[in-house]
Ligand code: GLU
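One chain comes next, on its own, written as structure tokens: the form predicted alone.
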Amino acid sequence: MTAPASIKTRFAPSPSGHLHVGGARTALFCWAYAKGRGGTFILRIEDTDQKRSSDAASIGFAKDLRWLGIDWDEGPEFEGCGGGPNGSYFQSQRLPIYEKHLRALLDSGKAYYAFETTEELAALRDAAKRENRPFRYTASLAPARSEAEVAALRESGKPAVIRFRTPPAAITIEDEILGSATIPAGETDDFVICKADGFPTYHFAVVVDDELMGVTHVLRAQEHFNNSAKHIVLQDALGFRRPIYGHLPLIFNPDGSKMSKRDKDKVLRKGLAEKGVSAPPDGTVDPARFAAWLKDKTTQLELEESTALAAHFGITLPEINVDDFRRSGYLPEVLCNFLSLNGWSPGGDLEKFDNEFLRTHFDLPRVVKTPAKFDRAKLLSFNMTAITTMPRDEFVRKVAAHGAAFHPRFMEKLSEGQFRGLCDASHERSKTLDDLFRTNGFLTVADDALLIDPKAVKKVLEGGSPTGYEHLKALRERLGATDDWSVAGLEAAIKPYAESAAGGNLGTVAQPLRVALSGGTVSPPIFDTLAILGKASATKRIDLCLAHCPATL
């Protein structure tokens, strides 16, 4: 198939939640294909499903795309993107356009009203099942009605959908990625193109909009491949051209299951069951809603509800949506790089590249046909490399921005000097921008409110010979006499003690300090931890810890 002179692609999400990484990959490929050829990239919001769509979700999609560095030439106006001659780019605002084309199909006899109720359709499906045949709706299943009878039913208010009268012929789909495929005659039924609420279905609206907006290439997930048959017969019936199709591989989990929003729900249910949770904590989920959710495994909580529950009980939910990865501290350029490799190969051994490289090199022949496996360990490795190799000042800026967005209370608790010291101590071991905040909460706790892990007390403070408490007492005396509270000064004060009391094993004397200062066995390097806390806070925490030392030790 010859490519048009001017390329136009589109990304058309349904605003029913946050942007899934699979959708983000589709948007990225559509953007790269058009922009790399001097073409136009369109963002269109397919919000004709009024039960599932929301304005907030539309804004969320736009924010996610902009965070990834994906801008659009035509579409909703947002942060300098959008506008254009083919608006509105919200399908719910284009009803008169769809009604015009629906009327053309009805008047030509290529579409008709169908009045079956949900119960009547269920009965037809049951009959087909009993007869061991697939159920496909055709006009022959409906009672023959004259135009006057149809008009009378419509005027009486009887609910009706509009169905397309699918021609009884084979349908051939030409796909730039998967090749050619033919759907035999009779396999595609008379599908619904307008719902009883007056809103067009996805199949109808997408065909009309792609034509009127001049879309030349439709790149979308393979799960839409069979939908192309319906779109082709509609295009032919309306006298529209056929765009060039390319269906992208799905993204699977490493175990071969489809990467789905339900993955979060499964992890949350399992975690709560293991902890024996039967009622939600205050401020997380309405108790009645929580009880109903527990009983019905087919339902899901809202993102805010599941996130609140997971945070309260310390359950880590898998990242599925773009916003999940943003909150977890992944860099947008790394996520784009990784998503590009999930379905496309640049050739050779090249793995690390930016959006500009993708824009200039992306092509359809190198898109793979088989499902891509989402390797989280590889993504984390990519992210860690990008973070640890960036200049220190850039790291500080990015961590500060991440903290302001997702950890404002943490940022409020630390002075500028403390924050910089923490960044210096964390840079070379940070896998994400969020690591610094998740592992250093002890810095934001009041000295007398610090909780010490009982397991750490038993193992680190009460164990050993000399015990950890004994090391702590000796170190407290040295630290109290230390005037130089810099990393170098603290190292000069503590290392000689480690040489004499622990044979040079710094860890033996550092761990009791770490437990007293942080409440556990994990913190930045011990000299950095002391320096960040400051002398007053550090010595007070040591004193409070020693106050609980059993008299027998």
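Treat the numbers as computed from the prediction; the structure is a model and nothing was measured. Throughout, we count residues from 1 along the sequence that is shown.
The same protein also exists as the form predicted together with the ligand; that form is not shown, yet it is the one meant from here on.
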Picking from 224, 458, 266, 158, the single residue whose non-hydrogen atoms come within 4.5 angstroms of the ligand in the model of the complex is 224
Which listed residue (202, 290, 252, 442) meets the criterion of a heavy atom within 4.5 Å of the ligand in the model of the complex? 202
When the ligand is placed as it is in the model of the complex, which of 235 to 243, 216 to 224, 106 to 114, 82 to 90 ends up with heavy atoms within 4.5 Å of it? 216 to 224
4.5 angstroms heavy atom contact with the ligand in the model of the complex for residue 14: yes
Considering non-hydrogen atoms and a 4.5 Å limit, does the ligand approach residue 206 in the model of the complex? yes
Is residue 49 close enough to the ligand in the model of the complex to count, meaning some heavy atom within 4.5 Å? no
Residue 10 near the ligand in the model of the complex, any heavy atom under 4.5 Å? yes
Could you run down 246 to 277 and flag each residue that has a heavy atom within 4.5 Å of the ligand in the model of the complex? none
